[in-house]
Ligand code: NAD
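For reference, the chain that follows is the form predicted alone, supplied as structure tokens.
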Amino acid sequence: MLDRANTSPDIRGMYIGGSWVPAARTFDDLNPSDNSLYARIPDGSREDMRRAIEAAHAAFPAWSALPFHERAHMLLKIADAWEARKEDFIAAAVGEGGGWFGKGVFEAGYVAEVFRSASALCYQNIGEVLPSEHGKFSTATRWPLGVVSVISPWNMPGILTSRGFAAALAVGNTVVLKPSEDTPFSGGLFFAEVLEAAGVPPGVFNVVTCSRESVGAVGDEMIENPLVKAVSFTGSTAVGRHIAAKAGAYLKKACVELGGKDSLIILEDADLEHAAKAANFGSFMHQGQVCMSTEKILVHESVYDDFMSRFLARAAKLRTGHTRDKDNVIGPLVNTRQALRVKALIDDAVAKGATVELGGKCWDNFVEPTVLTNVNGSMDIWNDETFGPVVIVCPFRTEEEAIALNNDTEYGLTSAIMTADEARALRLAGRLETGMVHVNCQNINDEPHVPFGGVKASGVGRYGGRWSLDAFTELRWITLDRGGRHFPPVF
């Protein structure tokens, strides 16, 4: 398996209109564990994306007209084709994405369920019969939009890419995908290979890869092109604001799932051993490079010392290093730019008085699991999403203080509460400004059929299950008049 991770994939080109198409130039895709060359990737242009959009538009009438059960069957075939390639994806997630082997196994096992869950949408109620004061047969029904642009991130290239387009395909849209320049294979071209193997018709699904230098022009085409009817984006809040604003200017739907500054609240009656284990996973899984990662641990002062001794002992056992070694649970950050950013956040906090309880060392693209205390609002790390293996621990005295500390952020993705009192947890959950709250678990939770998304600067819209219909369909009011509507005699 790990030998595969160190083997470059066969890059056949971009995937447009059912064909593999070369680009005029390529860019280097690096293995973040050592910055060695992983693959040379087509550096697509705005013109390439325009051709992909036109191919998707041409495929839309036939795909949207398919009987619903035939689209459902196709999504199940995609799930089967993915399952046949799971080991190849794990290798790519390790070699290209810098993920721990266990993270790759989890992600590979999850993606097939995204497509199976989406297939179920084909059988769901997609309309309503409404009362009519004129005796009409009045309906509100959902219809596919057309071409949907999907821009996917690098941190969970399997799960977050599939989630971005599976429901869109299920309800009859066609798709153009631009994966992150940091994971263009595992988050893009690999999917093209899978959907081609499943027999998805030409043009229904298209992939254009591009470098960081080209992403502005390619991304603009994905929003500005009049054939595109909606945009699906998962990524940083800074980029998400730009995409949502541009989509709004063009009056197009946008479903954007963005960053978080997520808190885990540990009340005085919590099971501290369970809380320490959950906090360790939530803070450091995939180097903290998850939008749902636990970035703040808020601990009742009466159990603070006991919790910290348990938590630090667990975190100290996590090994950091090259992902070719399965025992290295903490791999590299995705690129040197991100590693330097996280180091700068640690340095700023320490310079302003924060205490490093564990870790703090940084080298190459690696950052040790790091625990900081005595952090306050003057430090960048209190406000900025870290997206690295760094967590803040802060004591509190009262529920009101815990709520205020949780809500003291522009973000609102997830929160978590540890307590033996579920009624108390539900009362608190109603006051936490997040789109998701998890009781007696950590922040990183997701299932294909649930309404996933945040509030405030963490996004607009929801992915998952029937809630995806809002993002990827339009409502149409259709009536049948049966003689009940009367007009004034003058007409």
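A quick note: this is a predicted structure, and the numbers were derived from the prediction, not measured. Each residue number is its position in the shown sequence, starting from 1.
One more form of this protein exists, namely the form predicted in complex with the named molecule; it is left out here, but the text below deals with it.
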Heavy atom within 4.5 Å of the named molecule in the predicted bound form - residue from Leu345, Ile151, Val299, Ala166: Ile151
In the predicted bound form, the one of Val215, Ile126, Leu227, Met379 near the named molecule [non-hydrogen atom within 4.5 angstroms]: Val215
Contact check for Val114, Gly158 and Gly188 against the named molecule in the predicted bound form, heavy atom at 4.5 Å: no
The named molecule in the predicted bound form: contacting segment from 350-358, 102-110, 416-424, 259-267, heavy atom within 4.5 Å: 259-267
4.5 angstroms heavy atom contact with the named molecule in the predicted bound form for Glu193: no
Phe205 within 4.5 Å of the named molecule in the predicted bound form, heavy atoms: no
Touches the named molecule in the predicted bound form: Glu368 (any heavy atom, 4.5 Å): no
Exercise: Gly97 in contact with the named molecule in the predicted bound form, heavy atom 4.5 Å: no
Heavy atom contacts to the named molecule in the predicted bound form at 4.5 Å, residues of 164-183 in sequence order: Lys178, Pro179, Ser180, Glu181
